[in-house]
Ligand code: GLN
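Form predicted alone, single chain, as structure tokens, below.
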Amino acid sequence: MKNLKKFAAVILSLAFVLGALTACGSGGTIDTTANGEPDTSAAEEVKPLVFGTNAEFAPFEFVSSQGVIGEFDGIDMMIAKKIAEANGMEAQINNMEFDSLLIALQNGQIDAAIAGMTVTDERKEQVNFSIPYYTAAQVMIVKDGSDIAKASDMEGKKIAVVQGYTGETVVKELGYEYEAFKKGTECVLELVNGKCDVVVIDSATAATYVADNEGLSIVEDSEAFGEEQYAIAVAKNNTELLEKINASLEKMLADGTVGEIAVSYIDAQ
């Protein structure tokens, strides 16, 4: 009798185990690694959020040995990283010429563009912009002792700007001749070497160049150069991503995160 009871108990135990295995497998199989452990790689896969930038615009975006997204660092890079994380995604950076960013958006090469990009009516015809996250202004970088004290003093001078940047737009609107370069560093090198008289560029970036190059000064002219707002650009048909970016930016602006990021990078100059 005892043997029969033991036999029955074994059968019941086997039935329970088989039932449990069947229940676990009813929705599919459990993948395992070579070591026989559960494979969770598929569940942990994070969708990338690809930002286009032009990493020549410190302190907003620049290349660093200790970047926050790969080799890329700066105010915009930290904002991009936090936006991606807030939406359960991983930020990736596609570094390219500034003039190529909007084209890359329209071609689907990138999901969004964050590059200290000023919101303009012309650009709004091509892409949609997020809510603004930073307000800046154009300034002039000159050598110490320069006779340029206001924008009108640039007339007849050799002016350097970055191609596609707002500085090029405002100088063109003033009616002055200028030479456009691909990078801000190229413009500043022209100035340091005496090949131009003034560089027109955004204020925060100008502060970085002046801090890094002895003998340079910043000249402001609020009457000639109005304020401009930076925002993130997305393709016209990508309203879902735009809503996610705006929701993240609104939160970061409200709780002071954007301000803290900006101050940390600007104070580090």
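The structure presented is a predicted model; accordingly, all values stated were derived computationally and were not measured. Position 1 is the first residue in the sequence shown; the rest follow in order.
Note that the form predicted together with the ligand isn't included here; everything after this is about it.
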{"item": "Partner-proximal stretch of 62-70, 238-246, 212-220, 225-233 relative to the ligand in the predicted complex, 4.5 angstroms, heavy atom", "value": "225-233"}
{"item": "Heavy atom within 4.5 Å of the ligand in the predicted complex - residue from Ile79, Met117, Ile159, Ala112", "value": "Met117"}
{"item": "The single option of Lys183, Lys172, Arg123, Lys195 touching the ligand in the predicted complex, heavy atom within 4.5 Å", "value": "Arg123"}
{"item": "Contact flag, Thr166 vs the ligand in the predicted complex, heavy atom cut 4.5 Å", "value": "yes"}
{"item": "Heavy atom of Phe57 within 4.5 Å of the ligand in the predicted complex", "value": "yes"}
{"item": "Any non-hydrogen atom of Phe98 within 4.5 angstroms of the ligand in the predicted complex", "value": "yes"}
{"item": "Residues in 188-215 with any heavy atom within 4.5 Å of the ligand in the predicted complex", "value": "Asp202"}
